[in-house]
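In the structure tokens that follow, a single protein chain appears in two forms: structure 1, then structure 2.
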Structure 1
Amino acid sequence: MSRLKKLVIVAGLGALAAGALEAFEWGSPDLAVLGAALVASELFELRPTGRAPLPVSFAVAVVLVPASTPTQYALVVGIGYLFAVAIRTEPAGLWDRLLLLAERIAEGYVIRAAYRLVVDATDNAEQRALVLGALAAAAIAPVVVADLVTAVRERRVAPLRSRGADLALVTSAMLMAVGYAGVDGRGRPGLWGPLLFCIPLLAAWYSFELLASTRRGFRQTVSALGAAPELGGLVREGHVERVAELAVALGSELEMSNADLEQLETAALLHHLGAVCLDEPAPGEVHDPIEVARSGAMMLRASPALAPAGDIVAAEPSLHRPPGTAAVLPAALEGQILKVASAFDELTEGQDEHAAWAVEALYTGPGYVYDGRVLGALERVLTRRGLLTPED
């Protein structure tokens, strides 16, 4: 089912619920409208580079705080997120959906807890600074919880340069809440306030979606270029994808930044691209790896976006030389990671059962060929994957 159809269904159910509340005087119809908005906004996520996605529903939950009693808030958030997680397209597994539901409910309840914590800290809850501070705390709270979940699950924390989505979400949530209830409750616009002030947040969402689409197009182009040597029979099928995946795992193990990991992955996908520009080698011979790297790096460096990947590709074969025979190249560590990942895949031929002796073969080389830090990271990564045992 498309997102548009889901939105239409949610809007229809919200209108019916609002009509029922109004007709039977069970409560304010605003709660039904905001509950439907909570469900619908879960289908929209801010997806900045370098951090986990942030759902727009966080902002709607902040609006619900001044619009409801504690019991009403708990019911709307609980039921709303239950329905929202049920209609999402991902995650696919039941267990993953249950974990996401638990995370969303926890984030929703933390929003109200943070708001009340600030408001109850003083007797004068009508002061503008206090109300705005409480709303700020409520808007920041779910972002902090989401970051903690990501840190536990993926062992990474979003850098400051990836916090633009956080700022857009927090400020919009505060504006939407003030727009609904006002600061002192007098002359409040009601539902028109959140509707008006959600426009900047939706604009931010659209901008991030365009950026994500551009990045997907870039990655698809890189993947297509990386497949060219395989299609020409110059490298083993699946080699560049396996090398890229292993190189990123090794870079993460060595605590490289997300930006460096992206460049490392691009270099791994394209590290054989230079072979397509060289003459076919004589029967029984292979291309000179330095010539392949030089040719590929020349092409990559012609594009500013790919120049860092070109430095990594250029560094990889030159690092085979003994110390003192060549100047220290930029991206030396990334080049060592690429070299180890590529050599490991060539030794194993993509077969996991060959992992143990491939690692042993890498360790038997001269000390200047493979960096000990990278080999240690390779052992740790393979051990976690169950491909090595402590005895190996």
Structure 2
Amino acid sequence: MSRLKKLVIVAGLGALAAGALEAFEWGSPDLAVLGAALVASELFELRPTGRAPLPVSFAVAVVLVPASTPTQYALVVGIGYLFAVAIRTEPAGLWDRLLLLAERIAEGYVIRAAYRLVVDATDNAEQRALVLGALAAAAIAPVVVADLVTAVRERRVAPLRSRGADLALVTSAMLMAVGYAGVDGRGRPGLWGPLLFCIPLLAAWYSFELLASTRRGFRQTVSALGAAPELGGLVREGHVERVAELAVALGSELEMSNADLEQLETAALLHHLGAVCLDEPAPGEVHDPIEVARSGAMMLRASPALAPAGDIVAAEPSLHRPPGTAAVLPAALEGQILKVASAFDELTEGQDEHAAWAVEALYTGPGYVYDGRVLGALERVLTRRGLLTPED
């Protein structure tokens, strides 16, 4: 079922529920409308890079808090999320769906709890700053819970720099809530408020959606291009993918920015592309790595958007100094990372059990001296993955 169809069904059910609330005088029909909005907005997720997606439904739940009694809130959020999780396309398994439902209910609960906490902490609940603070607390709370869930599940916390989506969600939620209920009894536009003030949030959603799908297409295109030398039998199977994965892990460990990580990943995936442009070497011989890097870098540098990746590829084979020389290398960290990741994969041949030996070889190997920062990061990453015991 397409998202449009789902939206139409949700809108219809919402209208029915609103009619029922009105007819039997159970409560304000606005509650049903907001409930339908909660379900509908669960189908939209902000998908920023480097962290789990955030549903737009958090914002609707924040609007619901000041607009409902505790029982009403529990009912609307409970039924709404149950319905939403049922019509979502992901996750696939029943167990995963139940977990998601539990997560959403918990997030819905902390939204109200955070709001009450701030409101109850002071006597006068009608001050402008207080209402604002309470709404801010309510809007931030579910994001924190969602982060905790990700931290438990994936054992990592999203870095501060990828918090744009969170900020958009929190500010829009506050604005939508203020737009609905007003402050001090002034400025109560009603449903018009959330309806119009969700436009910036939807604009953000649309941009993140485009970004995510383009990023996937780009990543896959690069990786298809990078896989060509492999299918031609010029590179060991899976080498570039493994190197790219390790290089990005090392780059994050060394706190590189998202944009730099992207160029590093592209460079890693394409660092053997140059091989396809050279004449096939005679049987038993291999390509000169410097030639491969040079021809690969030349192709990448021709486009401004991939020029940084080209520089990394060009630097990879040349960045070494003979052991015993003290000169410090120029700080082309990305090139050093790619060099270490590639050499590590050459040594282990993709076998995890060779990891400890490979690290030892990188430290003592006669050929090159590798960058100490990168080797340190490699040890930390491998230790975290359980491939290296700390005393190694």
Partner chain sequence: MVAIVAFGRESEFLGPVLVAAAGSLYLPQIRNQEWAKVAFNLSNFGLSTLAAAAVHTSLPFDTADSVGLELLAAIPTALTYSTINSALLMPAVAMVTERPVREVAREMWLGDLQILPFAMLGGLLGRLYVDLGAWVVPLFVAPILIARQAFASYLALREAQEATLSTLIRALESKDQYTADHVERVARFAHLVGIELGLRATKLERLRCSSLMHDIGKLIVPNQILNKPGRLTEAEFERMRDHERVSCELLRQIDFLAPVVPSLEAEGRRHEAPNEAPIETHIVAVADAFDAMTSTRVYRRALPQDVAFAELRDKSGTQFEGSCVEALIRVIERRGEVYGAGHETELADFAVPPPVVGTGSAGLGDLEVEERTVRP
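Structure 1's sequence is the ruler for residue numbers, which start at 1. C-alpha atoms forming the largest set that superposes within 1.5 Å between two forms make up the rigid core. All figures in this text were calculated on a predicted structure; none of them were measured in a lab.
Do you reckon the form predicted in complex with the partner chain is 1 or 2? That would be structure 2.
Please say whether, between structures 1 and 2, the C-alpha of Leu38 moves by 2 Å or more once the core is aligned. Comparing the forms between structures 1 and 2, which are aligned on their rigid core, Leu38 does not shift its C-alpha by 2 Å or more.
Threshold 2 Å Cα movement between structures 1 and 2 for Ser303, core superposed: The answer is yes; the displacement is at least 2 Å.
Give me the angle, in whole degrees, that the smaller rigid part turns through against the larger one between structures 1 and 2. Rigid-body rotation of the smaller part between structures 1 and 2: 21 degrees.
Once the rigid core is matched, what's the CA displacement of Leu382 between structures 1 and 2 in angstrom? For Leu382, the alpha-carbon shift amounts to 10.7 Å.
So, with the core fitted, how far does Leu273 move at its Cα between structures 1 and 2, in angstrom? Once the two forms are fitted on their core, the shift reads 2.8 Å.
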